[in-house]
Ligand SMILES: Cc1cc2nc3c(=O)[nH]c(=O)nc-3n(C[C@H](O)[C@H](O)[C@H](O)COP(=O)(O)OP(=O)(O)OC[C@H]3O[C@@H](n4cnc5c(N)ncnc54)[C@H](O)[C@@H]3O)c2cc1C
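The chain below stands alone and is given in structure tokens; this is the form predicted alone.
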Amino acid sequence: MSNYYPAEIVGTAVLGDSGVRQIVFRSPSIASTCSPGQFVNIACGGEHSSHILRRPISIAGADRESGCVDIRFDIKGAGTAWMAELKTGELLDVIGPLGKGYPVEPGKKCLVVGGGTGIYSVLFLAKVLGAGCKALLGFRNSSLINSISDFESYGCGLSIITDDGSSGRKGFVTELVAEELDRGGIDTVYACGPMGMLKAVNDIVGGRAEYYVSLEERMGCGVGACMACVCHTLVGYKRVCADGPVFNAVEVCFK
């Protein structure tokens, strides 16, 4: 069940040289009910803003004891630029948690795969899975690498690769996926990132493991009413915000 909340910001940060912004806000109701893969929808610009549409942001983490929720985002436009200037003590207009998250089954050996801003969706998942998963993360270059200490603190294995090799290994995250699957023993693969990456991982998985994807689409309402974020699946069109954003890959018609 999603709800509207005026949520107080309790912390902000810029993550290293990446330019990625982190906001931690207090919302005990969201923190106690959200699950990995869900998101919040945030109104941008204040009471008299011209930014009509809310911004959907993946939940990167939540702590039920403190009631705090962690979100991380790149500055991509006027809305996120406004969010990046917010300070501790200010209020966010938040609706959430929204969408359907990743199905998690205890005891299974998993890979969590993130590319670009997709790493924040699987970051929360890695926190829940802990030592039961290995995180495979791809970045364009080493200056964009961030959140690594968080993955490590959750006890999961970790491998990083960059497009240009500036992190030590050159290539794409799909290469890491192929290597792990070839070793065997993987039950489930979870991935979030650009559609091209998700499709390539799907081709590599090839039925060797269960595969779930979190789709990234431009959204309007975020609650399934406006039909702005429909995607084509094998069983017809579905709304990414309400029917997803997480789908079993066997349903998805990869572009």
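Worth saying up front: this structure is predicted, and the values here are computed from it rather than measured. Residue numbers run from 1 along the displayed sequence.
There is another form of this protein, the form predicted in complex with the ligand, and it is not shown here; the text below is about that form.
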Do heavy atoms from each of Lys108, Tyr190 and Gly207 fall within 4.5 Å of the ligand in the model of the complex?
-> no
Look at the stretches 78-86, 124-132, 163-171, 100-108 and give the one with heavy atoms within 4.5 Å of the ligand in the model of the complex.
-> 78-86
Here the chain is shown alone; which of Cys68, Leu215, Cys34, Met197 has a heavy atom within 4.5 Å of the ligand in the model of the complex?
-> Leu215
Taking 4.5 angstroms as the cut-off for heavy atoms, does Phe73 touch the ligand in the model of the complex?
-> yes
Any chance Pro56 has a heavy atom within 4.5 Å of the ligand in the model of the complex?
-> yes
4.5 Å heavy atom contact, Ser159 and the ligand in the model of the complex = no
Are any of the heavy atoms in Phe39 no more than 4.5 Å from a heavy atom of the ligand in the model of the complex?
-> yes
Those residues of 85-120 with a non-hydrogen atom no more than 4.5 Å from the ligand in the model of the complex are Thr117, Tyr120
